[in-house]
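Only one chain is given next, in structure tokens, and it is the form predicted on its own.
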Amino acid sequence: MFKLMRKYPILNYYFTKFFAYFLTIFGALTITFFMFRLIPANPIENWLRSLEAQYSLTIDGGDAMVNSYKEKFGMTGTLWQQYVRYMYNVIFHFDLGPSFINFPRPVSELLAEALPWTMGLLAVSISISWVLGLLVGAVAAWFRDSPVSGTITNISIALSQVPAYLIALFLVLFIGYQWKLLPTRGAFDGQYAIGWNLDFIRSVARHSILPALAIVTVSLAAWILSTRSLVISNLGEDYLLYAEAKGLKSGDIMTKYALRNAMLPQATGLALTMGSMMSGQLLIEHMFVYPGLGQVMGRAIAIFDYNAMMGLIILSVVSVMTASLAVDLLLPVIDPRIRTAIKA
């Protein structure tokens, strides 16, 4: 195997990326487990002690019942034994343990139900902000000396410094409560049956406008600024001067040459953003009572359901690392400069 990797450097590159991927996830699992298990305040332990005090001495089989709950929550044995058992269940069975929120349902079921709502909201919001950010950023860079470009840049700088939850709060107060234009809670109206029918889809789209708008507003500002910077750095390059000398229209030069050259780093940023936004925008979901991972996070924090909290952290780490791995694997395919560097 090592001879093959020496003979084909691209194999060594891919092996290194996969090794770092799995090692990072394993380290995140380990740190997350000990971080939560070593916290003194543990409501699950307190709940089990109350069960033990209430039932062990008053009903037959009370001790067995309490021990059964301890086993379900993985709290039997030493800390090392609990760690080994937890890692085995997560790695080989994808079992994150039972949730204290909806006991005895497993955490994996709660996350599986909430994940599509979060992914749908973020995928649409980030895609819209990315496309608009590229176009507006390119225009702001190409006409950088115009008043319009200056206005766009200044507004983007200001919005990029505003936390997304403040934008969400503004939308809730004014568009939701003051003007009553759009709903501010939930993902759909309760009178519609869940399914692929027009009424339900229309209701979902209407409820998602405000949380999506909060995400788009902040993300759009960041994409505009980064695209503007990338395009400006390419202005004056020989290939642009050559395209201009050939008599191409200004708009074609901007879109087909300047913007296209900025697409690669922005596409890389899009993949990483898709992963990191999984954890960064959960507070917005919680504010809009959206049935995604943000709701699970809020309920888990309220009662310190560390199984659910650990599951959310692990899911966030895996999403970020998977997005990063996908970028690393695709870069040698789409960028000849990376392939040249690997072979060197």
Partner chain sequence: MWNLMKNCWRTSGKFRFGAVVLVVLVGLALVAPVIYRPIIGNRSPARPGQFQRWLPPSGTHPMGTDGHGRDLLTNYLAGLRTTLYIGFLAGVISTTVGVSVGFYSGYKGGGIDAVLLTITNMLIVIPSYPILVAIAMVTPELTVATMSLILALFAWPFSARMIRAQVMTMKERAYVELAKVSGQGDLAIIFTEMMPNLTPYLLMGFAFSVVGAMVAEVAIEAIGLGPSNIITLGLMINYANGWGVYSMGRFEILLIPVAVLVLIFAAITMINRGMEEYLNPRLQKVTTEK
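Residue numbers count along the first chain shown, from 1. Note that the structure is a prediction, hence the values are computed from the model and not measured.
Unshown form predicted in complex with the partner chain; subsequent notes refer to it.
- Partner contact region in the predicted complex: 228-236, out of 124-132, 81-89, 228-236, 203-211, criterion any non-hydrogen atom within 4.5 Å of the partner chain.
- Screening Leu169, Ile175, Ala267, Leu115 for any heavy atom within 4.5 Å of the partner chain in the predicted complex leaves a single hit, Leu169.
- Checking Ala193, Leu181, Ala158, Leu198 against the partner chain in the predicted complex, a heavy atom within 4.5 Å turns up for just one residue: Ala158.
- The shortest heavy atom separation between Ile10 and the partner chain in the predicted complex exceeds 4.5 Å.
- Heavy atoms of Met75 never reach within 4.5 Å of the partner chain in the predicted complex, leaving it off the interface.
- Under a 4.5 angstroms non-hydrogen atom cutoff, the partner chain in the predicted complex lacks Tyr69 among its neighbouring residues.
- At the 4.5 Å threshold, heavy atoms of Val320 reach the partner chain in the predicted complex.
- Using a 4.5 Å cut-off to the partner chain in the predicted complex, not one of Leu96, Leu110 and Tyr290 places a heavy atom inside that distance.
- Contacts between stretch 115-145 and the partner chain, counted in the predicted complex as any heavy atom lying within 4.5 Å, involve Arg144, Asp145, listed in sequence order.
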